[in-house]
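Heads up, the chain below is alone and in the form predicted on its own; it's given as structure tokens.
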Amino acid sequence: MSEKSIILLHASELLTGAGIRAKDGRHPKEEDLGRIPNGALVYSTKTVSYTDFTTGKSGKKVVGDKILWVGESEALPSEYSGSPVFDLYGRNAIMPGLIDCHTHLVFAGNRASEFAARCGGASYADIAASGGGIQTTVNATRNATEEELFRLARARVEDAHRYGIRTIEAKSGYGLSLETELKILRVVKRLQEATPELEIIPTFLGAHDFPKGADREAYLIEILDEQLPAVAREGLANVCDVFIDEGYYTVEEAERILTRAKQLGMKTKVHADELVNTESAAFAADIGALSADHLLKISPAGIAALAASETTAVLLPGTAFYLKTAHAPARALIDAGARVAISTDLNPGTSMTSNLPAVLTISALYLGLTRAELFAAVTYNAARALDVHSRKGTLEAGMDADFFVTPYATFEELYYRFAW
């Protein structure tokens, strides 16, 4: 339960993003940022239980609960007099906590040698054909203990928090077996128990690839009849994702998987149109998926479908940067009316970073996005991609107290300073 209110005073600027919510994230403009010079924020706190898995002991931690008030510092209501005050002396901006809506957070091993090979001219397909790619990480993750996976992932969560991320999605997908997929999702659950100051949202991605040497139809049946029911039964994830692409899953196979997921009460997402165009973005829009992610090869028909739907287009420019390939058509998507989010795609093969501000820099330079579009992409629109927009993504009374006191006096400095 809420305990007390805390005041943040004299922010150089506070950006509410309220206008972005009012437009449901589409066509964001400068005036939608809700900039308040010399801003102030009042929030309530709560005490929650957490488990320190390093020591094995449980404890209590005070974290933010709800936003109570935002406005100019001089307009602070008298009812909050006597509350503890943290004065920012005009040095720091406050914005909604960043939301990283597409990550592969839990994995073992690394693929630095593959990265070096790709820099030397090998393609993603070449590496996968030689036994590398996703399968390399699958092998390492299968062989790692739950404790090892937790330790590795917790360090990544701590990095994310340092970069201003207050909500992060975490996919499975490096197990490709019932045992390891469940192991990954149990690690995600433990991570949430250990770090209540940051919300971690699990997504089941058993359909990330096919196990090496497995019969295609047999593995599909395993997902449908074993993996999905087990995930639902244990309450380990309420979202299911499928990687639709050449050499991976077809639209028809994805439809079977996502239909089963819906029967089990799960929401849906799609890895869409990354390596080739499969019209999977249009498929995602048609089935009412929360998001269609990647979209490097999306067609005009796919753009139109997303623009006319409630499905959020999630762009992952760090991946295009890593793969040295053309970026997704962000400008066309936004201009058509699609809701666009940006995420790190943290993963060991094609975007090894938790630094969402650095991905914003790439987005500003290569996707041609305005500051309002960038802001919306990692706040409200990212919340929309995770279906948490009713309580996250803007700084307004009643919303979760997920805020980021930036190291800088303006929002723009967050992505102006590359990889800080």
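All of these numbers come straight from a predicted model, not from anything done at the bench. Start at 1 with the first residue shown and count on from there.
This protein has a second form, the form predicted in complex with a small molecule, left out of what is shown; the following refers to that one.
- Looking at residue 102, you'd find a heavy atom of it within 4.5 angstroms of the small molecule in the model of the complex.
- Not displayed here, the small molecule is kept clear of residue 339 by more than 4.5 Å at the level of heavy atoms in the model of the complex.
- By the criterion of a heavy atom within 4.5 Å, residue 249 is excluded from the residues contacting the small molecule in the model of the complex.
- With a 4.5 Å cutoff on heavy atoms, residue 267 does not count as touching the small molecule in the model of the complex; it lies far away.
- Remark: of stretches 232-240, 188-196, 83-91, 339-347, the one touching the small molecule in the model of the complex is 339-347 (heavy atom within 4.5 Å).
- This chain lacks the partner; the member of 297, 183, 156, 208 within 4.5 angstroms of the small molecule in the model of the complex by a non-hydrogen atom is 208.
- Only one of the listed residues (319, 141, 227, 280) places a non-hydrogen atom within 4.5 angstroms of the small molecule in the model of the complex, and that residue is 319.
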